[in-house]
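Two forms of a single protein chain come next, each set out by itself as structure tokens; they are called structure 1 and structure 2.
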Structure 1
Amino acid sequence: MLEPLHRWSREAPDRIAVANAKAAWTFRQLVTRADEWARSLREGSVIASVLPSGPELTALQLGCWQAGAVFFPLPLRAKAHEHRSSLTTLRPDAIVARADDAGAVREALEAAGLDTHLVDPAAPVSLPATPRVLPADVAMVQLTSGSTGRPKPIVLDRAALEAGTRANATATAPLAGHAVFSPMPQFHAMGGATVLEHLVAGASVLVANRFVPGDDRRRMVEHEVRCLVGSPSYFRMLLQLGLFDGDGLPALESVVLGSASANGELLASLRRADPTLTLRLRYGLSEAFGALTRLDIAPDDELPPRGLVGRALPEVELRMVSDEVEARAPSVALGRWDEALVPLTSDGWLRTGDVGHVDPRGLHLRGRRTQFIKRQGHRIDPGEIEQVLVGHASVREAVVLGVTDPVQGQRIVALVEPVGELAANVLIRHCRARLTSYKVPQRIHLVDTIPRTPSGKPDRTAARARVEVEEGT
């Protein structure tokens, strides 16, 4: 993975490699800084990062791999108790954080009684050698999104990173010499993979640390961004704010949606906003680096049916066991870390927890096994109800959950983020007109904002906690 970046630093040294709103580094600057980091690190050490998305984080990541150290990206704006949970599980040898962002990290270290080195990127120090904890060839530990429970550290070796990057090369190769915009945080699995995939291809990757619509649009226009990668919620916000209106983004050729399933109405809205765009869907997991499937929808193609996420990428195999999707690929992680390495597979196949089916068009997803609702003997897909809810013109986002009920097994409760004025009974009528009676929510709670993970996905764990408070359960 490092060789292509060194090649780009020789062939296009002054091309922007990674940029955020405050700094833009060329390929030459990025490789030079990575070399500096590599000289201060030691093979086998675990280096945590609490840095903004952008050039410095990328250089540290590359420097870790060059030195044979393990890169462990952590959320920039996490609270002390959240950092403590992650740090006590893996106990990194050093944490790189700017002075302005180090307060919560320092508090977490003190509370946990850890003597981990806290390093300011403005004044890196040479760290002592430490005993290796993780297996040889481990390159990164990636936290899961936490959307279905406490984030878990996933252990990825070099082979997984290289395989995941290689699998998506046909989509990224045409972007060499052009700009890509990704607002997804780099510590997140998809956000981090997006940066590396496009860097290796020779593209310039623009990232963001805050959602400032006018600034995002200005940067995309200024750098003639060809491809925009984001979560469905990000694209909904762009559409609602009219960022595609008028001249919009004149150089934009494609958008890539990942991190959560996209519903048909969102795809239709994007097509109406700019009929010239190629729409790309990707499906992946924190437990495997990069994407497992991809679906390319050309401007003249029909929009796909709900849940279709495309065919498996090269070197990826999919199978169904009952109705659960299992995947086998060289990009699958070695395991998760829980004081020791816990393998994710016993026979090479990763149980994804996703329910669906495969046909000649590819993989169709219906939701998570743990999210299905059992009511009055029926097995109900909450995603179907969520799609009906967001189909209402006054709904921005919806999360549907099953709450324990002594008579029905579970009752259906929805958290809805409205646009403007909206009454719950209006949505109940909307659902009754479009769903079988047993799928209609018994209760709808209108909320200012639906809890989200840092990647933009609805945070179902936090949503469930909120529903339990609202329902008094």
Structure 2
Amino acid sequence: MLEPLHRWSREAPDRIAVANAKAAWTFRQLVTRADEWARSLREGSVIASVLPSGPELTALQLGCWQAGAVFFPLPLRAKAHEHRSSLTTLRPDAIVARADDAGAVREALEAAGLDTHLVDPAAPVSLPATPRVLPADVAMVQLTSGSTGRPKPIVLDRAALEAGTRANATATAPLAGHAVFSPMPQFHAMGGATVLEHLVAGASVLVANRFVPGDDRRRMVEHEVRCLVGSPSYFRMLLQLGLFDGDGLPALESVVLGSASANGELLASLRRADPTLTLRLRYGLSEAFGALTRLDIAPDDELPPRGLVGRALPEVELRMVSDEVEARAPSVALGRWDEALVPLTSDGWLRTGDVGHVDPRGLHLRGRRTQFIKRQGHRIDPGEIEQVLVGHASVREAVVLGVTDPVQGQRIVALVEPVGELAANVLIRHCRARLTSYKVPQRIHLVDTIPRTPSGKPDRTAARARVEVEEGT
């Protein structure tokens, strides 16, 4: 991973490596800063980051790897209680955050009684040696959403990162010397992998920390962006704003859509808006670094059937067990962290939770086995939101469901059984204070009783039927 970046730093030292709206660093600057970080970090220590997407986050990540430390990216705008569960599950040795962004982390550390070092990237640091907790070859811990309501730290070793980058190299190699725009947060599995895959290829990666498409387009034109990577909901929003109309982005050649829910309608709209674009789909999971399958649709190709996400990348094997997709690849994580390392599989095959089938054209996805809500490129566990709702004194029971939404992929709808008088507005505010904004329900329906199973648990199937009546879908 580091070797190609050092090579680009020698061969094209002044080429932009990573830029956000506020800073642009060349390959030489990036590698130099990574060196500085590496000198202040200890081998085996776990370094959490609460940094905005951009050059500093990337340098810290590379510095960690250079020093043999473990990089643990956390969401920039998470609330204190969300940070608290991540920080207590896997106690990092230090957290790097700018003073302006450190409030929620500081609150979380106090509440958890932890004395973890908070490091401002602007101030020099030197961290004490700490006993190693994770196995020697671990390079990164990636947070994901889990089925029991807490985000799960996924433990990736060096070999998985290298294998994932290698498998995706054929797709990114043609972008050497060109610019790529990725609005996905770097703490996010796909956002993080996208930056590294392109840097290794020698491309310049422009990232964004907020949705200001006017500024984004100006940056894309200025840097002659060839490729735009995003979630299906991001592309729907850009289409709505007419980004692809006319010759808005003259240098753009391809768009890459992450996540499985890119349906035929979205692809057709993109093609209508700009018939010269190559449409590229990628399918992956937080439990494996980089994409597992890719599908390139050239301007002359027929649009693929709904759900097709292409063939497995080199070194990736797919198989179906009943109708669930299982994957085996060197990019699959070592395991997840739960007091100790828990392997993801017992036989080397990762259960993806996705339902579909494989034919000679590749993998076709039909939906999720589990109840995760996919929204704006995030995978959201309804259980986490339900726990927050039930945490309100006037809520007896809550069921949270994803309802298909033409723009957002899914919208989050909650069915709530209140105790006495309660307004939906109050609950939304309650959620806002405790959840990152993308996890806050779009709609809360207050009902007299939530349907229950004979054992007294909420009946999700009946609840869904009820929501469909309430939503008029």
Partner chain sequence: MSALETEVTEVVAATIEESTGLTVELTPETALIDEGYLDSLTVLQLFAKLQDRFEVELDMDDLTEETFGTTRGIATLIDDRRG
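Throughout, rigid core stands for the largest set of C-alpha atoms superposing within 1.5 Å between the two forms. Start at 1 and count along the sequence of structure 1; that gives the residue numbers used here. Since this is a predicted model, take the numbers as computed values, not measurements.
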Looking at both forms of the chain, which one is the form predicted on its own? 1
Using a rigid core alignment, state whether the CA of R443 is displaced by 2 Å or more between the two structures. yes
Taking the rigid core as the superposition reference, indicate whether the CA of G409 shifts 2 angstroms or more between the two structures. yes
Tell me whether S286 is among the residues that move between the two structures (Cα shift of 2 angstroms or more, core superposed). no
